[in-house]
Structure formats: C-alpha cells, structure tokens
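Next up: a single chain in structure tokens, the form predicted on its own.
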C-alpha cells in the first residue's frame, strides 16, 4: 500500500529573489508501507528537501504530496495532523532534546496529540522499548545519557506518535559501528512491528544496501534512479559520475570486471558478493 507519494513536485528556495534556486524539480516518487526506502544523493541534490516536503515543513511550489492517500495541502489547517502521521527525525536529533527527563521528552509529541495520561504513558514506554532504552533511564535527564542513548531517546520521541510514515535524515550519523547497528536495527524492528513506511536518508552506501528494500537516487534536484538495491547498484558507473559511491563489495566486483572477469557487479552486500566470487572461482564456502 502506498503510504506517501510525490507527484511532479517542484520546490524553489528564495523564489523571486536574486538567490532563487531549484531544490526539487519535477520529482515523482512512491513510498510503500512495510518497506524501508533509502534516499541517496550528493550534497545539494534535494534529498533533505524531499523529506521536509513529505512532512509538510515546506510547501510545494507546484505538484502534489500525498500521505496515506490524502493531499496534505488540500486543507492546510490540518497540517498538524499530517506531522503526526508523517514523523520526521532530523539529523543529529539529540540536539533537540530539551526537557527535564527522558520520559517528558518522549511524551512531548503524544501530549500535543491530546491523548490521555494512560495512553501517553503506554506510548512513551512502548517507544522506549522500541529503541532499546531501559525504563530506568526514563527518569534521568536526557543530558546524562551517552551519545547513542540520546539518539535513541530523540527517535523515541517521534515513534511515540506512532507515525505511519517515519522519515529519518542520517539516523546513524556520527555513531560508532555498534551504535549504528543498534539504531538501524531498531528502525527495522519498528517497521516489522508496525508495517510503517520508513524513509531513510543516508550517505552510507553500506547502510542503504543492508537495510533498504528500495532506493531513490537524487541528482541535481531530480530523481536519477529508483529501484531495488540490486537494480540501483548495478549502475555503479552512473552513480560514481554523479559524485556518489557504492558499497565496498560492489567496488571489488567492479574491479574484477575491469580486469576481465565475467562477474555480476550488481551484488551489494558481503553475503551476495561472497556467493558471486565463489561462483566465479569455482570455490565452496567452508564451515
């Protein structure tokens, strides 16, 4: 089921001024429930603008944005509800923690939804569990938490609103490998539990390859490519030309291809690359 959609969307920054620039040009994209869709692109390609357009933080210059089948700009007075439905987690969201305790911080969104105290409590504790935070941490100041715990608390604040579309801008940026795995694993678990549509912006091709079901590639304010990771990373040369990179394992396979080996360069994870290399050289995986 389609959870969010952009139809022929344009957005221009500083329109009508000498600083006018096109951020998004005729972009059409579909984001399905139950899927993690990655948005990748070079700096200034328009990917973060797309995220803010879906959430309604930015108004379209032209075109249409749909969330759960409704044009979000049909009735601008209902935009508050749109932001409960399409939750946006900004890059480095821990910088937006502000309340006395982790509990109060996570409860901010549900309170603004007008929920009862009982339901707020249920949502806060569910969201904390969804991101791997112990109940004992809920009464602590968010500023006493570790960097990874702060990131999870900030994400929990959006999950507590139970969005049907969850948009994350670089959710694992700045985290160590363990922290990355935990945060991205929690996001995947939330998708599995709720069937929500997850939209994830990332510069890490490894993260995109491992966790995403679909990829949208932005370049110069437009959609360059869209498809499964296998389909997108099979265009390695095209991605590199736009200033992007590909997963390291894909680079290895492309190197073998350049050396004359008949290798399928569309593999994008370590497991897939391993199978392709074993096929190529006639080996068997050892236990």
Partner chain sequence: MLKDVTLGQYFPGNSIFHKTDPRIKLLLTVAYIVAIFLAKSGAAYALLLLVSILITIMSGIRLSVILKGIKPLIFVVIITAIINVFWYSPPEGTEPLFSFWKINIYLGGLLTALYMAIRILCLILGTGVVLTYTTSPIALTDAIESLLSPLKLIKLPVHEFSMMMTIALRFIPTLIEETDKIMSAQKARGADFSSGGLIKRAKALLPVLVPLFISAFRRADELAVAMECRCYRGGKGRTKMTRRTLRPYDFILVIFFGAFIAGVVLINKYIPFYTV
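Please read all numbers here as calculations on a predicted model, not as lab measurements. Numbering follows the first chain given and starts at 1.
What comes next is about the form predicted together with its partner chain, which does not appear here.
Chemist: Decide yes or no: are 228, 242 and 281 jointly within 4.5 Å of its partner chain in the predicted bound form, with each residue judged by its heavy atoms?
Modeler: Looking in the predicted bound form, the three residues 228, 242 and 281 all stay beyond 4.5 Å of its partner chain (heavy atoms).
Chemist: The chain here is shown without its partner chain. Which stretch in 116 to 124, 202 to 210, 153 to 161, 184 to 192 comes within 4.5 angstroms of it in the predicted bound form, by heavy atom distance?
Modeler: Among the candidates, contact is made by 153 to 161.
Chemist: So in the predicted bound form, does residue 214 come within 4.5 Å of its partner chain, heavy atom to heavy atom?
Modeler: No - in the predicted bound form, heavy atoms of residue 214 and its partner chain never come within 4.5 Å of each other.
Chemist: Does residue 180 make contact with its partner chain in the predicted bound form, using a 4.5 Å heavy atom cut-off?
Modeler: Outside the cut-off, so no.
Chemist: Spell out, yes or no, whether the shortest heavy atom distance between residue 97 and its partner chain in the predicted bound form is within 4.5 Å.
Modeler: Yes, residue 97 is a contact residue.
Chemist: Check residue 171 for me: does it contact its partner chain in the predicted bound form (non-hydrogen atoms, 4.5 angstroms)?
Modeler: Outside the cut-off, so no.
Chemist: Considering non-hydrogen atoms and a 4.5 Å limit, which listed residue (128, 196, 137, 88) is close to its partner chain in the predicted bound form?
Modeler: In short, 88.
Chemist: Could you pull out the residues of 65 to 85 that have any heavy atom within 4.5 Å of its partner chain in the predicted bound form?
Modeler: The stretch 65 to 85, when checked against its partner chain in the predicted bound form, contributes 80, 83, 84 at the 4.5 Å heavy-atom cut-off.
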